[in-house]
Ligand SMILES: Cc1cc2nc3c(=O)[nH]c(=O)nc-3n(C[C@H](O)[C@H](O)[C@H](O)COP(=O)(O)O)c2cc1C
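Only one chain is shown below, in structure tokens, and it's the form predicted on its own.
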């Protein structure tokens, strides 16, 4: 993202691994030993051999300075959010480092993909990012599968409860704005659209959330569709 690259944040440091290591050492030194430090990065800045070497250098350094694990996203920085997350490089990374804790990330949109990624790559675990927006139940479903049971979709009542909790939390964040309720209603519209995917009448509910502009309209959607 431009706002990241212009300020030398995030994936920028895959072009300057020495600087990234300096930052990580400072963090590890500042944090008490009892608290684990973890790192998340993309698999490289781009697909050139030079950037692949940079990634490997930085990846190894994370463990050398005492980071507990690294989460690796299957896209390069240059890809942004375009194109598929490549799981093959993650598999090769695990094969090369069998004794390290390594997490993976990228294109995890439902609970089954968590286990597909682990099964294919051999990763220690999976980090769910955008895939949990509007779907916080993905974590409960993963625990259910780990317990040997079939995952269940959220009920209408559960969906409403989470939507209301999310709204209340967002309202607290916006408490110091000019019109907290109006801002929260508008901001929550995009989350409502994501949540709508779990409703039995997903398309209709999504359309309703798209047009939400006020707190009253937000409440009307809940009263009509989540009872």
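All values reported here derive from a predicted model rather than from experimental measurement. Numbering follows the first chain given and starts at 1.
What comes next is about the form predicted together with this ligand, which does not appear here.
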Answer range among 75-83, 118-126, 92-100, 136-144 for contact with this ligand, defined in the predicted complex as heavy atoms within 4.5 Å: 75-83
Option touching this ligand, based on a heavy atom within 4.5 Å in the predicted complex, out of 40, 166, 186, 198: 40
Contact of residue 111 with this ligand in the predicted complex (heavy atom, 4.5 Å): no
Partner contacts in the predicted complex for 100-122 (non-hydrogen atom within 4.5 angstroms of this ligand): 105, 106, 107, 108
